[in-house]
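We give structure tokens for two forms of one protein chain below, kept apart as structure 1 and structure 2.
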Structure 1
Amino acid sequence: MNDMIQTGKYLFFISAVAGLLLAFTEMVTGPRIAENNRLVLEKARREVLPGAERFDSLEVAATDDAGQPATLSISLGFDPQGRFLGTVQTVSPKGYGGAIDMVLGLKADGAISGVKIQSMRETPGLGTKLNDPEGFLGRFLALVQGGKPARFHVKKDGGDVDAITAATISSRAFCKGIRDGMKRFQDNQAAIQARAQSGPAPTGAPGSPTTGTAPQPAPAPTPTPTPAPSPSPAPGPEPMPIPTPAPAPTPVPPAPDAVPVPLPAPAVPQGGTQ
């Protein structure tokens, strides 16, 4: 009995020391890790949506995997002139070793502009090949850029995506992530359009989402096949009306390729709100 108390005391002591050390570690590294992750995410956003400089986040309601209501964030990317380029979102499908965090960029018409894997715990050497720019990821991007409408399922499930040998679960999860992101984009078309019309929100901009114009069809039909009859503008040079602190430009779209108005683009560091 006495022995039990002695060993219990020792175990308690060791666990307490371990707990304190871990708490200390978390205190020291937590903020830095969060900051590192934020920087990486920022970089990834720019990579998956080329040309975008400023980002504006839009909160949308959704359901998580368990069917519970959740709030998700979609980032809207704008180029330095304030034109809407597309959206960036994080999707986390469940892979073989846990969630695969992916950053997915969709152009304004819903086509994939880029995808990047942020973190995963797939089996090294098998599932981690998802991220191989010369292998799976490269083939996937080639498929997307091929222009043909593709079904984002692995071939075994009747889709167009070549699964990684010996890592079908990881490949399926990747495809599910892509589909989830595209679905979220379609489900929230209206909200995204409304926010896109109002342009990026520099601090204290007059064009807050509440005063933004209602979504309206783009002046020109989109040149690429859109997945849905969406009122989305082409990703190309259609300028959007941009409310800014500057004297408001007329919302008449000038000729393509013309930069709408030489705006004193507010230099927002790190692209808008987080």
Structure 2
Amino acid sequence: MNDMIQTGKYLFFISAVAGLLLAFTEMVTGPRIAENNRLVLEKARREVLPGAERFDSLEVAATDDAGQPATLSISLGFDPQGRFLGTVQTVSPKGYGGAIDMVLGLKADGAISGVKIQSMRETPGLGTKLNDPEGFLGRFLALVQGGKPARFHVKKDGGDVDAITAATISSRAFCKGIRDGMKRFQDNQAAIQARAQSGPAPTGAPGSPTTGTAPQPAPAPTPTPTPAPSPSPAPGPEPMPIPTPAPAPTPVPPAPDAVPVPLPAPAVPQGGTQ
């Protein structure tokens, strides 16, 4: 019984330490991973919508795969002069191995300007050929850039897209993502055009871009430093008064020697001596 308790304490301690380490790792690496994902998405937006330097976000109402109401985001791309070039959105159709995350760029008139696959879990060597620029993806881009209307279904379903051999499910999912993105653009075309006519939102305003190159703010004027008042000297002990020497007495010249005055001789009585 004691052995079981000791083993339980040991396992609890190991699990607690492992949980703390995982939480600390997530706290340290989470912001860095989010920033890297943002930079990757920004690069993909620029690739699928050439010429765009700034993207504004527009929230639109939609429905998810289960038919439930959802809010999705469409990015409006503008060139450096503020001209509207088109939209970029992320679609995630379900393929053979899971969701296929795609970034779809549409021009201002709704034509496809580019598409890029960000991630997928399709079968290696089969479904992963969706991202082959010399194979499936290259042929698809050549089809949309040919100037002719195309039906975005595989040829087995009456469309114009060549499916990958032995990867029809993945090919169909790719085409569905394209159709979903184009339908979302058409359903919200009025809101997109209204936002495009108002131009890019100012930096920091609601709906301002979180990615792309934003105009740099003007440098703030350098404040003129106000001279600090000179510190008043701390009061010290009062200075002792310096005694003023008394003036020296004026010497009095000695009086001249007195001239002796002769005393009168005693009077001699008349008649002789008695």
Partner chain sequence: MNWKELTKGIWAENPIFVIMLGCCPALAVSTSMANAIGMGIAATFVLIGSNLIISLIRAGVPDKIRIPVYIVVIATFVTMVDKFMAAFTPALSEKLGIFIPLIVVNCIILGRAEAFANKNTPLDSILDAIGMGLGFTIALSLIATFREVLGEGKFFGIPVPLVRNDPCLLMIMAPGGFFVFGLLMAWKRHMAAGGAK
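Superpose the two forms; the largest set of C-alphas matching within 1.5 Å is the rigid core. None of these values were measured; they are calculated from a predicted model. Every residue number counts along structure 1's sequence, beginning with 1.
Asker: These are two forms of one chain. I'd like to know which is the form predicted together with the partner chain.
Answerer: Of the two, structure 1 is the form predicted together with the partner chain.
Asker: Considering the turn of one rigid part against another between structure 1 and structure 2, what in 74, 40, 109, 98 is at the hinge?
Answerer: The hinge between the moving rigid parts is marked by 40.
Asker: Expressed in °, what is the rotation of the smaller rigid part against the larger between structure 1 and structure 2?
Answerer: Rigid-part rotation, C-alpha based: 12 degrees.
Asker: In Å, how far apart are the CA positions of residue 22 between structure 1 and structure 2 with the rigid core superposed?
Answerer: A shift of 4.0 Å at the C-alpha.
Asker: Would you look up how far the C-alpha of residue 31 moves between structure 1 and structure 2 when the rigid core is overlaid, in angstrom?
Answerer: Core-aligned C-alpha shift comes out at 2.3 Å.
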